[in-house]
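Form predicted on its own, single chain, as structure tokens, below.
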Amino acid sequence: MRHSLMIAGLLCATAAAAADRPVLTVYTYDSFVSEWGPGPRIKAGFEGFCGCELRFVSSGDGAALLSRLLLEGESTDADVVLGLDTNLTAAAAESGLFAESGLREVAYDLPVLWDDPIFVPYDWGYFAFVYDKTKTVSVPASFEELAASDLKIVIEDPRSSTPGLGLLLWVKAAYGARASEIWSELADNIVTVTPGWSEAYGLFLKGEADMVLSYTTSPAYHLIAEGDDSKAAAPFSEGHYLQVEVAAKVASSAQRDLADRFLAFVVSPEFQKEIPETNWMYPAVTPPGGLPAGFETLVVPQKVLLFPAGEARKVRDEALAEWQTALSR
């Protein structure tokens, strides 16, 4: 009986201690928190020193995060949002829902200069169409060649997915006034449009399409994790559009100090070392030891395309209208 009372007391004490731990809620996208994504390791790493509980809440793909936060407003449960990119940061900043990070003088390893006071980069990569070398022999070297081919592609919805939105701006940056023409020519190549990246890549792996909109870094997963060198990214002569993914603190958070600690953790070696082999992107701050073996085999674009955040917001609606018109015909 005494032992039972002792055990019951210990359990109650443990439960009480757990209940006293502050909770930091981070909104992010589905693949980040999957069992093979960085989420589980990031959670364990941060909880190892923060004296808190790190709670991830997934909300589809990246572009869906901002839509959800705008809908919830200041009543949101989020303390941090992780998974927006530079195509969304202007609208996110204008909402007034985010606070400055307070981080200064971080030595980022990005292809562009970074001085945004709100948004903290955690990884980056280039959009690309990925294919299977054992199945696709004639590889298009441009959007025009892709449109002229019989290849079937799967892409993501720009209204819910950051890769989908990135594709719109990629075409717009490469072709300008001819973007609507390119979309009209590409329309019959598109098998389906998925809500997010995970669904699109899954369909590609099942053989439902010849190519999928993904990243130049995606083949590294197959090479490093599976020992499979059959996947490759097609280099396009127009150049490739850059994505920089970011995290930010929610201004209405009741855990602002803890959110600050998390953002500092985001740019730390412990967080950054997980990015290459779990999120399969380039880290925003290269960790000690550099990139894993295999990353040196990846396609490196000869030309980098990127709209500044404010300009990306301005051209987004026009690019979306062009895409919708072409796919509705």
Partner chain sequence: MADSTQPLSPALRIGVGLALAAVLALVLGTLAAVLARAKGFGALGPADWAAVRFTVNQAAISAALSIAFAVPVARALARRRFVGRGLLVTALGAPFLLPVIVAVMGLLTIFGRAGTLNGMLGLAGVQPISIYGFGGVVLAHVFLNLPLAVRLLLHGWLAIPAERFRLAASLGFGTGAMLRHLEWPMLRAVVPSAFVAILLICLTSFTVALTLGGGPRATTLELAIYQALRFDFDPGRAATLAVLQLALSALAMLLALKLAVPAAFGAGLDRPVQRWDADGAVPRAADAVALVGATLFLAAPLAAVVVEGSGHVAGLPASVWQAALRSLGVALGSGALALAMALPLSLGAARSRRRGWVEAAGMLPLATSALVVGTGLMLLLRPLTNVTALALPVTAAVNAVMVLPFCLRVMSPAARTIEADYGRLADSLGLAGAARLRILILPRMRPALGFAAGLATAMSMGDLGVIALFAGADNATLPLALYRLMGAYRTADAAGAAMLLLALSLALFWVFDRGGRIDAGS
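None of these values were measured; they are calculated from a predicted model. Residue numbers count along the first chain shown, from 1. In this text, rigid core is short for the largest set of C-alphas that superpose within 1.5 Å between two forms.
There is another form of this protein, the form predicted together with its partner chain, and it is not shown here; the text below is about that form.
Engineer: Given the stretches 172-180, 101-109, 70-78, 136-144, which is the single one in contact with its partner chain in the model of the complex, using a heavy atom cutoff of 4.5 Å?
Structural biologist: Flagged stretch: 70-78.
Engineer: Among the candidate residues Trp197, Phe127, Trp124, Tyr131, which is the single one with a non-hydrogen atom no more than 4.5 Å from its partner chain in the model of the complex?
Structural biologist: It is Trp197 that has a heavy atom within 4.5 Å of the partner.
Engineer: Could you tell me which one of Val304, Val33, Leu291, Cys50 places a heavy atom within 4.5 Å of its partner chain in the model of the complex?
Structural biologist: If I apply the 4.5 Å criterion carefully, the residue I get is Val33.
Engineer: Answer yes if any heavy atom of Tyr282 is within 4.5 Å of a heavy atom of its partner chain in the model of the complex; otherwise answer no.
Structural biologist: Taking the distances in the model of the complex, the answer for Tyr282 is no, it never comes within 4.5 Å of its partner chain.
Engineer: Using 4.5 Å between non-hydrogen atoms, is Ala234 touching its partner chain in the model of the complex?
Structural biologist: No, Ala234 stays farther than 4.5 Å from its partner chain in the model of the complex.
Engineer: Could you confirm whether Ala64 comes within 4.5 Å of its partner chain in the model of the complex, counting heavy atoms only?
Structural biologist: Because a heavy atom of Ala64 falls inside 4.5 Å of its partner chain in the model of the complex, the answer is yes.
Engineer: When the contact criterion is heavy atoms within 4.5 Å, does Asp20 count as touching its partner chain in the model of the complex?
Structural biologist: No, no contact at 4.5 Å.
Engineer: In the model of the complex, does every one of Arg159, Thr192 and Tyr201 come within 4.5 Å of its partner chain, counting any heavy atom?
Structural biologist: Heavy-atom distance to its partner chain in the model of the complex: all three under 4.5 Å.
Engineer: With the partner left out here, which residues of 34-58 have a non-hydrogen atom within 4.5 Å of its partner chain in the model of the complex?
Structural biologist: Residues within 4.5 Å: Ser34, Glu35, Trp36, Arg55, Phe56, Val57, Ser58.
Engineer: Is there a C-alpha shift of 2 Å or more at Asp157 between this form and the one not shown once the rigid core is superposed?
Structural biologist: Yes, its C-alpha moves 2 Å or more.
Engineer: So that I can tell if Ala200 moves, could you say whether its C-alpha shifts by at least 2 Å between this form and the one not shown after the core superposition?
Structural biologist: It does, since the Ala200 C-alpha is displaced 2 Å or more between this form and the one not shown after the core fit.
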